[in-house]
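What follows is a single chain, given as C-alpha cells, in the form predicted alone.
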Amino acid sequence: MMRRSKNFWLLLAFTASVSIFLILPVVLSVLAGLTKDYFVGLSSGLTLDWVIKVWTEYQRSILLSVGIALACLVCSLLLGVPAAYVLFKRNSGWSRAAEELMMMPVALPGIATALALIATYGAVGEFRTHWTFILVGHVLFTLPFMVRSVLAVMHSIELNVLEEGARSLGASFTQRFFSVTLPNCAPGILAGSLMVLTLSMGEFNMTLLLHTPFTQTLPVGLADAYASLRIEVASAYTVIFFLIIVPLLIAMQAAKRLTRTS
C-alpha cells in the first residue's frame, strides 16, 4: 500500500479548510430558511413554513426569473452560436475586435449597462415596464459567455478540416452546419448554456435598476428580504433558488457527459 507524503496531507487539509470556509455560509443560510426561529437556532426546530410562505407570496417573482433565464438561453443560442461561427470563419483583426467589443457588457459594471439601456430605450412605449426589458440586459451580459465557449471548441476540434471533408463529399452549407458543426460543438454549446442559465438566474446588479414592482426577479426579491431583516424569508428564497438551479445544473452536466461519450 502506497504511503501518502506529508505534503499530500497538508494540501488535503488546506483544500478541506477552503471548501468548508466557502460552503459553510451557504449551509447556514439554507438552515436559516428551515428553522422556526433564526435567532434561537436549530433548537427552535425545523420547519418548511418559510419556504411555503415564499413560494405562496412570491411565486410570480420565482417563475419570472425562471422564464427570463430560459428565454435568455434561447436568445443566446440563436445569437451566440451563429456569431461564434462567423467569428471563427472570419479569423481576422476585425473579427477579433468584434469579439473583444462583445465583451464590453461583462467588463462594465452591471449598473452602467442598465443605465445605458434605460437612457436609450426607457421611453419606448411600455417596453420599460415589460419583462423583456430585463431580458435584453441579461442577453447582453450572458451572450459573450456563449460565444467564447463555442469559439473555444471550434478552435480545438479543427472545424475547418471537418467541414472541408464534408464539402468534398458533396454536403451543402446547411448540411455541414447542422450535421457537422453543431454536433461537434455540442460540448461548448452545453457549457455556454450552463453559464447562461446560472448567470441569468442569479444576475442582480443590472436587474436591480431594470426591474419594476411588476417585474421583480428572484435575486431582487432576495435582496429586499434581507434589507427588511426578514432573515428566514430571505434564506427560504435561497432554498428555493437551489431547488431550481441545482437540478438544472445536474441535468446539463449529464447531457455534457453524454455528448463526450457519444
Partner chain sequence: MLRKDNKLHLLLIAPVAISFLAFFLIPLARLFLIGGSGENGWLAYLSAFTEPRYIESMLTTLLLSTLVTAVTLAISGVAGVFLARNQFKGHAALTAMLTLPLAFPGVVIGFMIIMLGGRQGLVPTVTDWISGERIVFAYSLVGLFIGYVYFSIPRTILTVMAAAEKLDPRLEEAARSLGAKPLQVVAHVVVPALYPAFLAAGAICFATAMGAFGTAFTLATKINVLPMVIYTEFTMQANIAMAAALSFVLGLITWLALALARSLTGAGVAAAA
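Since the model is a prediction, treat every value here as computed from it, not as a measurement. Numbering follows the first chain given and starts at 1.
This next part talks about the form predicted together with the partner chain, which is not shown.
Proximity of A16, P25 and L108 to the partner chain in the model of the complex is complete: all three residues have a non-hydrogen atom within 4.5 angstroms. Though the partner is left out of this view, T35 does not reach within 4.5 Å of the partner chain in the model of the complex, counting heavy atoms only. Residue contact check for A112: one or more of its heavy atoms lie within 4.5 Å of the partner chain in the model of the complex. Using a 4.5 Å cutoff between non-hydrogen atoms, A251 does not count as a contact of the partner chain in the model of the complex. Taking the partner from the other structure, the partner chain in the model of the complex has no heavy atom within 4.5 Å of any heavy atom of W131. In summary, among the residues T47, N205, S44, T212, the only one with a non-hydrogen atom within 4.5 Å of the partner chain in the model of the complex is N205.
Taking a 4.5 Å heavy atom cutoff to the partner chain in the model of the complex, the contact residue among A71, L117, L151, L190 is L117.
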